[in-house]
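Shown next as structure tokens: one chain only, the form predicted alone.
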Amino acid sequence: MSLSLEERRTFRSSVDGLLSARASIAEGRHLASTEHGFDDGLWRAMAELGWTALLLPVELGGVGTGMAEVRVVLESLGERLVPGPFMSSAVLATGALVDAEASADVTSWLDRLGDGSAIATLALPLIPTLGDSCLWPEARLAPGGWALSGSVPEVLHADVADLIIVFARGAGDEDDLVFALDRKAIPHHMDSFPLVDQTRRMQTVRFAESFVPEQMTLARGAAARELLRRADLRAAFACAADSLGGARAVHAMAVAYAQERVQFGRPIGSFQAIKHKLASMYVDLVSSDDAVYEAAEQDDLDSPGAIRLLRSAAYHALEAYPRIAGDAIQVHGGIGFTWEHDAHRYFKRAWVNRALFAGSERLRDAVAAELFSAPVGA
């Protein structure tokens, strides 16, 4: 169920109102040095307003909306560089659980994810640009379940997640599998590593013959691969929406500075070189906005045309954001490089977004491979 245009305007106003009051960029700087790296109070407020249940169907106690409404939240979070697990928990993990035909033990998590009392993350395997070879943990049969070994690098917010969704390759003749792991119940090791983007936390999760009960299996075989395909597309869209919000904010920052900063007795925005740079940034921004908007309105992870549109839109937004953020630093001159200024924070988030989930080039290559293999006129 998608909201009407008027309802969506009201929803956007509500989202912007809460984040404007509770999630300043200065607060984000402070949160980067705290234990969790995000504001627990803001997370509870987001949950109370139903943001964490946007992708949950109404029959499961959720709001029952789709990608267009998720886009509103992701854009607003990206615009303010808000730290927190919304993308990993409310979008990627919740979306995967809704897609899966899971056991009651697993679907019981949806209530807690929907009301924000639990946090989840999605441990996507590193998917290559082309081909079938991936970096997956390995699962082998054990009495009553599976023994899981191996590691998944680059897992967002695994350190605060209560539930980790893991894709695994079956040992021997066993097929691909997806598990929903209670972090407190499954033995594992976690290595944190710093990111240039301080608004995010990321870990490598390692398993060593960790026992996983059978009832924690989300999907197997073709169903597991389908779950991975949909999760991968949803991740691309989420990064694109976050990038669009950040690009809009840093472009506005550059325009405002070009109007205020005076050199040789006139605002620097009156100089042709700055005008050209701002115009190029605007073209990147508007084209990204149109593409991501159209992909969100399709709200379809199954039809070939919609998938191609989503990948193309995500690739464009993920490539445009670093260009816009880099040009914004150039417009600001020396001050844009300083630690005290916010321009570099957008620049860093832009490059991390571009690299997440195996990188934007993979999206480009997937679209190119499909186009070159498609019949003429398709």
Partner chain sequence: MAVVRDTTDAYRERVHGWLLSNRPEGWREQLKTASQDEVVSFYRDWTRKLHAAGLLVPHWPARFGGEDRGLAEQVIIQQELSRTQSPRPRTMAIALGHAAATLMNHGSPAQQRLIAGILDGDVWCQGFSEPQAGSDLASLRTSALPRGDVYVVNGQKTWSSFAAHAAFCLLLARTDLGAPKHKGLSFFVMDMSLPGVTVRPIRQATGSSEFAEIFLDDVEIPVAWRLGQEGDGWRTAQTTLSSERVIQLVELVEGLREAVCTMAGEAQVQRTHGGQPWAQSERFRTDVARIAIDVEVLSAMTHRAMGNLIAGESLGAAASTLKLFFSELLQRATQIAARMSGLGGLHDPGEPPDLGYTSGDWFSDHLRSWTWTIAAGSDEIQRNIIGERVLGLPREVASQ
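Residue numbers count along the first chain shown, from 1. The structure displayed is predicted, hence computed values, not measured ones.
What comes next is about the form predicted in complex with its partner chain, which does not appear here.
Proximity to its partner chain in the model of the complex holds for all of 291, 308 and 371, with the criterion being a heavy atom within 4.5 Å. Stretch-level contact check against its partner chain in the model of the complex with heavy atoms at 4.5 Å: of 229 to 237, 277 to 285, 156 to 164, 77 to 85, the positive one is 277 to 285. By the criterion of a heavy atom within 4.5 Å, residue 316 is counted among the residues contacting its partner chain in the model of the complex. Interface membership of residue 192, defined by any non-hydrogen atom within 4.5 Å of its partner chain in the model of the complex, is ruled out. Interface membership of residue 221, defined by any non-hydrogen atom within 4.5 Å of its partner chain in the model of the complex, is ruled out.
Taking the partner from the other structure, its partner chain in the model of the complex has a heavy atom within 4.5 Å of a heavy atom of residue 298.
This chain appears without its partner; in the model of the complex, the one residue of 272, 303, 108, 263 with a heavy atom within 4.5 Å of its partner chain is 272. Of the listed positions (249, 124, 100, 258), a single one reaches within 4.5 angstroms of its partner chain by any non-hydrogen atom in the model of the complex, namely 258.
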